[in-house]
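So this first bit is one chain, no partners, the form predicted alone, shown in structure tokens.
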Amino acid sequence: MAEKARIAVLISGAGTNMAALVYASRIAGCPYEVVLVASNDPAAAGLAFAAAEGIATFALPHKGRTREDHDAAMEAAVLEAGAAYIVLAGYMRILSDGFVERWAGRMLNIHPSLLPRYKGLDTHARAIAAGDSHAGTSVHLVTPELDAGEVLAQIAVPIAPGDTPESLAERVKLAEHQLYPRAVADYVSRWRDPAALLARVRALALALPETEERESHGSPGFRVGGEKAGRFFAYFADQHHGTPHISLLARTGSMDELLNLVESQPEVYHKPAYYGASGWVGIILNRPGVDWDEVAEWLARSWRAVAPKRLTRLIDAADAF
């Protein structure tokens, strides 16, 4: 069974979304576990719930501390618990940019509106006042800009005649309890989802000049150089020839380099069947903590190895400076 992703949940109050996350984590097959519940309010009711469930807790009041100092203390508790993701569940604090940037792509939040509509507070009152037919809730990645990160999942909730912000909030909260555990589970599982991994590789590969995607031997491949003279510089391999790996196949400089990479970092690289004989290396993608900047560098390097001189000449000139 695959190792579960370890998440820390930050709360400021009752923690009902946190409770939904905890109970969902106890269902067979859930890909995450809650290893810490932390709060900026030692009296937050959700802390008692977490303690009763046997989950480690941490609390530190924010009053009298700078935002950066308080964030640093919360982050230290998260790291000590060994969490790989932070999930905000009613955490009523604006986080410092540095904290958010250090956890880019690994911090999620739930917001009570159909983003990008109604960022910030008073979302239900604003939706009712605007005459909207639906309100709802969104799970999104956290960025320094408030409620502006990539939306991962949403549920729409109808606004009924005579709804007040309070009555609407009660129904939206029910939707949140269904949406958040599913969205978190889907997100932390992306590293072993072939479709999600291919989408990331495709976006990086097709951003390179004059690149096209073409299937080769049943796998997606990426070429540069045009219809007639084009050459493949990368392949996406999903358990190619029975290996357990989902990999990006890229060109190395030599067989010695390939063998050295596989020997020194077997958790990152493997020698792919068939392609390995020609010096191609497999960069393993279905593992936690993939460095996507490094994946982009491999793609760019492999692209440059086969791209026409008219494309690489300008890049080489720029590198000279």
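These numbers come from a predicted model, not from an experiment. The first residue of the sequence shown is number 1, and the count goes up from there.
Not on display, but discussed next: the form predicted together with ligand GAR.
Q: Do A14 and ligand GAR share at least one heavy atom pair within 4.5 Å in the predicted bound form?
A: Yes - in the predicted bound form, heavy atoms of A14 and ligand GAR come within 4.5 Å of each other.
Q: Is it the case that R251, even though its partner is missing from this view, gets within 4.5 Å of ligand GAR in the predicted bound form, heavy atoms only?
A: The answer is no: R251 has no heavy atom within 4.5 Å of ligand GAR.
Q: If we define contact as a non-hydrogen atom of the residue within 4.5 angstroms of the partner, is I110 a contact of ligand GAR in the predicted bound form?
A: Answer yes; at least one heavy atom of I110 falls within 4.5 Å of ligand GAR in the predicted bound form.
Q: Check whether G90 has any heavy atom within 4.5 Å of a heavy atom of ligand GAR in the predicted bound form, and answer yes or no.
A: G90: yes, in contact with ligand GAR in the predicted bound form.
Q: Just to confirm, with a 4.5 Å cut-off on non-hydrogen atoms, which of R117, K173, R214, R102 contacts ligand GAR in the predicted bound form?
A: By the 4.5 Å criterion, the partner-contacting residue is K173.
Q: Just one of 70 to 78, 149 to 157, 90 to 98, 214 to 222 has residues with a heavy atom within 4.5 Å of ligand GAR in the predicted bound form, so point it out.
A: One stretch meets the cut-off, namely 90 to 98.
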